[in-house]
Structure formats: C-alpha cells, structure tokens
Ligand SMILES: Nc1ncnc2c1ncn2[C@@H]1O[C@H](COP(=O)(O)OP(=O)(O)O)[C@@H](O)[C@H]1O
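Take a look at this single chain, the form predicted alone, given in structure tokens.
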Amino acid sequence: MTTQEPGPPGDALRLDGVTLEFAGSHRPAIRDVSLRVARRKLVAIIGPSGCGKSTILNLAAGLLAPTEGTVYFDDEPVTALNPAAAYVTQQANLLPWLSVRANIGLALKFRHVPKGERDDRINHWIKVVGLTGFENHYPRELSGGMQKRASIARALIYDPSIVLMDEPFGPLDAITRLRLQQDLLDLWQEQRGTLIFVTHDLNEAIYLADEVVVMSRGPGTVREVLQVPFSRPRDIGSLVESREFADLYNELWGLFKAELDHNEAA
C-alpha cells in the first residue's frame, strides 16, 4: 500500500477559530472550528446530526458569514458568495423545465461560454456520466441515480476550484449509491480539484476521502482528523477486503459512537 503523492502547497479552504450562531439562537451551530483543507484533496466530514457539518459547507460557499473567526478560500477571506465553489446537495435540484442537456450546461451558459465550446463540453460530460441517449429527457423522466449523475456533471462541467457535497448519495438505494461512489472517484481522478463532502456513512468516507474530519456533538467543533492511507486510483470492491479498511472503520466508528453516546446522555 502506498500513499497518494502530495498536491500543490497551500490550502484551498481554511477556517480559523470560526463560531457561527444564528440570530435568535442561544447556542452556536459550530464553535471555535479550525480546519485546513489542502488543494486537490478529498475531505469527508462526519459527525452526529446537528453538529454543524452542513454549516461548514455553507460557510465555504459564502452562504453564511461567521459570528467569530474567519473563513479563507485560496488565502482570501470569504466575505460574499463564493463563485469558485460548486455545491451538490442531497437532492438533485435539477430545473424541471429544462432537459438534461440544458441542466448540465447551465453554468456554462451563465458564464457566457461560446455555444460551440459549450455543446462540446456538454456532450463530453453526458458521455462521462453515462447519460448518452437521455440528453433530451426531462428530470421527471429519469431515475434518482440518473438525476444525481446529471447534477454532478452540472457541478463539474465548468471545472470549479472546489466542490461541496452535502450527503449527495443519501436518498439512493445501496447498489446505485455504490456505483455513484465509484463514478465520483473516477471523475475526481480526472479533474483533481478540491472536494469536501458531508456524510453519515463511514464506509463512504473511507472509500472516497484522503482525510476524514470527525465533528463533535453540537455545538460542533473538530474532534479529530484521520488520514486515509489508501493509494489512488481506488477500487471500492478491493478496499473493503483489506485489513487496513477494517482497522480504519473501527477507529472511525469508535469516535463516531462516542459522540452519539454523548448525545444520548445529554
């Protein structure tokens, strides 16, 4: 087993002592969170419900502003909507009145990419995510897995600096979920941008990530960051058979269960 070669120096995202408390609330969503995400890394965030995992994504996207501390993207403070970030939510959120082709190409249209180049890139990504033959279908005519593939293509087509994913495979059946996890690994291997995703699935965190950030119960803070030592490219089927996978899963489960037990005791 070998480790991945290091990416370029510097952080894509950095949170320095960040606390966020919503107006009218007497309890922060997150408290004193410090976190560094290096460029070209896949980072998973896990933790109990309500620990602020999605809050961190929203701060990175510029959708929320911290009450205390600072969020940095590419070493610059995030003070407004972050146009370099693509956001993939749990629901596909495709526009129902647009075809698959139009949905996937939406970001390119907003960026005034010339039509010829736009069409070439749309065709490429339709093929990459396995939607050839469905490009003129509407979201209601697609399965949940196909909708999710279209939403991932829409996020990646303009080569964003950072991709944020909030439990993107949560509502899918187990077989579709496994296929899309492998698809995402393969796509990221081609793109090699920075990707941060929130999940409750410990297997998924190990399958995909270079690092797993374990959050404490709310108000959330970073309890521990574990390194995932598997080389890339990865094949999910072979990973689960290794002793290293079982050891890392057990370590993660111990941390995760400790936080769940704290919640129940509280």
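Quantities reported herein were computed from a predicted structural model and do not represent experimental measurements. Numbering starts at 1 and follows the sequence shown.
Here the subject shifts to the form predicted in complex with this ligand, a form of this protein not shown in this document.
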* With the partner removed from view, which of 204 to 212, 54 to 62, 34 to 42, 227 to 235 is the stretch that lies within 4.5 Å of this ligand in the model of the complex, judged by heavy atom distances? -> 54 to 62
* Is P48 close to this ligand in the model of the complex, meaning a heavy atom pair under 4.5 Å apart or at it? -> yes
* To do: Decide whether W253 counts as a contact residue for this ligand in the model of the complex under a heavy atom distance cut-off of 4.5 Å.
  => no
* To do: Counting only non-hydrogen atoms and a 4.5 Å cut-off, give the residues of 11 to 35 close to this ligand in the model of the complex.
  => F22, A29
